[in-house]
Every structure is written in structure tokens, then in C-alpha cells.
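In the form predicted on its own, a lone chain appears below as C-alpha cells.
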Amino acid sequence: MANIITIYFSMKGETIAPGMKLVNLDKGHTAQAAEFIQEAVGGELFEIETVKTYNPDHFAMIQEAKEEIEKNEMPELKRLPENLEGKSVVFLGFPNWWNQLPMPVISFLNKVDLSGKKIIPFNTSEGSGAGKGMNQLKKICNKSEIATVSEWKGSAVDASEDKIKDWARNQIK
């Protein structure tokens, strides 16, 4: 469907897996979920990318994220989607950073106009869910229709392909 876009922010590299062990990911959990969604419903796929590179050490990265939040620092983005005017449905994916939207997602939402669009949020985490992210999303995108967030355990995304695809298809019926 040409009127759908799946937009996501995701971290690859070192992350915490079940049992508090560290693993390295070639592709972040949110990216993987976004690809499943795009395969299920079609449309475009767009990754929110920052100009700066976050520290590959997970614990150092989460401290960077905390400092961004505390300073309300909006990281510079590499690019924005070329044309959102023809899109009526936006699947928006993000991990939970310190119980809220990652600052790159907030930076993105402050730069694009999603007014009048249906936003279908999805979140990956190891159990903390979307946190305050939905309240932030509703505040920033107050002229959009925002669906209930779907939350998936990050480490289970790869085994949840069919479930994620079915969910995505049901969102656009």
C-alpha cells in the first residue's frame, strides 16, 4: 500500500539479553520488527539515524542517552523522509530509553508534520514497555490519531515474526 510508511529508530551493537548477559546485534530488535511490519503491509521503510555515533559499549551508550534526556539534547539527524504528504498510516517503532522515547525519535517528531495521520506505535524492550513514551508521543503529535502501542520483548522479536506480521495486518483493516 503506497500510503503506509514504517519509521523506526533502533540500536545495533551491544545490548542486554535475558539473564543480564551482553550480546552483540548486527541489527537492532526494533529494526527487525520494522522489517517484519513492512513485509506484511508494504509501503516504505525509513530508519531514523543520527549524525553522531553512539558508544558501542551498552553501558556507556545508556549513559549517553541519559545525558541527552537530562539536557533535552536533540541529536542531529542524517536525513528525513522525502515525502510524507501522501502517507496516511505511520507505523512508528522505538526502544525504551530511560522510560521514555529516545531523543532521536523526539528530534524526528519535532522536525516532521504527522498531523492528520494515523500513527501506529510499536516498542521493543526487555520488559519495561513503552514507559512514558506514549504520553510524549501524544503530546508531540496531538493532531494525529494514535493507536494503542504494541510492545514486544526485544530478545523475542526474531521468534515473533508471524505474530508481528499478523498484528500489523490487523492494524490497517
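Just so it is clear, the structure is predicted and the values come from calculations on it, not from any experiment. Numbers follow the displayed sequence, beginning with 1.
What comes next is about the form predicted together with a small molecule, which does not appear here.
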**OP:** Would you check, heavy atoms only and a 4.5 Å threshold, whether G127 touches the small molecule in the model of the complex?
**Re:** yes
**OP:** Check whether M61 has any heavy atom within 4.5 Å of a heavy atom of the small molecule in the model of the complex, and answer yes or no.
**Re:** yes
Subject >> Close approach of A31 to the small molecule in the model of the complex, 4.5 Å, heavy atom >> reply: yes
Original post:
Though only this chain appears here, would T15 touch the small molecule in the model of the complex if you measure heavy atom gaps against 4.5 Å?
Top reply: yes
Original post:
If we take heavy atoms and a 4.5 Å cut-off, which stretch out of 62-70, 105-113, 133-141, 42-50 is in contact with the small molecule in the model of the complex?
Top reply: 62-70
